[in-house]
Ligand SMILES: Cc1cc2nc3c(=O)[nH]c(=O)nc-3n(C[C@H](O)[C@H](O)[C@H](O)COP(=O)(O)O)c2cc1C
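We begin with a single chain expressed as structure tokens, specifically the form predicted on its own.
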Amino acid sequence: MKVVAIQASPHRGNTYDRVERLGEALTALGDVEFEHIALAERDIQPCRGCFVCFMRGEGLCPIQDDRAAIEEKIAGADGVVFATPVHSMHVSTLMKTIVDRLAYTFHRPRYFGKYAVGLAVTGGVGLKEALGYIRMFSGAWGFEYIDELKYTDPPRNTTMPRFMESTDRVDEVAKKLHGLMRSRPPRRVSVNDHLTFHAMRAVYGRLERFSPTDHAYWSERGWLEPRTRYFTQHARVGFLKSIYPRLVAWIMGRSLDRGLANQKPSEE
């Protein structure tokens, strides 16, 4: 089993050490290969907002750096740890940069069957905001977000005191991730999960002219077929939970049909 940590501190400090401790706990459980990717030590350039990845595919991104290599590491993992220090009440610039560079994954989710853990370190406040963001984007990308680690550590090279003690759940979270990777139970699909799938299908099923790359991605995976109930078949999909999301998606679809009727794709 493979676990990759995407760690977004600009230096080897508290966040780096906390990720290393989690790696030790996971490897101690056996049958786990752990890889710690420090983004500060990779070439990750800011997104230019050119929209090429959305409209024509990520393979045509004009920025040549380590983005594709990191994406390949994520794709090859069974579990991914997204770790960040809290900077200005949010994730660090490095974490936001890699999320921006992989933003097409919000349109073309792909990490179903993989588990995500959030890890954040703060000197005082901001854990809720940082971890909430990690939970949001990892779930939107297809991960099953299973748990998170929260730490309050005094920043390095300062005289700041420890404002509160952190409960270190690292062994508990490591065992939980290890057990899920080993057993791989079917995913429990919530009402919100159903809503995400059916609402996105209502959108991308109608964008063949306007966003052909997204439409082709969804079509190739069979997600646009009326009988497809969710992104992955390895899931517990309850019919009753899908009734309201299907109704919302139907209403969205009708509204989109009216809005798109007189539109033309923009000229490149």
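Heads up: residue numbers just count along the shown sequence, starting at 1. All of these numbers come straight from a predicted model, not from anything done at the bench.
What comes next is about the form predicted in complex with this ligand, which does not appear here.
Though this ligand is absent from this view, in the predicted complex it lies within 4.5 Å of a heavy atom of just one residue from Leu180, Met89, Ala75, Val191, which is Met89.
The partner is not drawn, yet in the predicted complex one stretch among 134-142, 147-155, 194-202, 106-114 has residues with heavy atoms inside 4.5 Å of this ligand: 147-155. At the 4.5 Å threshold, heavy atoms of Gly118 stay clear of this ligand in the predicted complex, well away from it. At the 4.5 Å threshold, heavy atoms of His11 reach this ligand in the predicted complex. The shortest heavy atom separation between Met164 and this ligand in the predicted complex exceeds 4.5 Å. Taking non-hydrogen atoms only, Gly79 never approaches this ligand to within 4.5 angstroms in the predicted complex.
Along 114-135, these residues reach a heavy atom to within 4.5 Å of this ligand in the predicted complex: Val121, Thr122, Gly123, Gly124, Val125.
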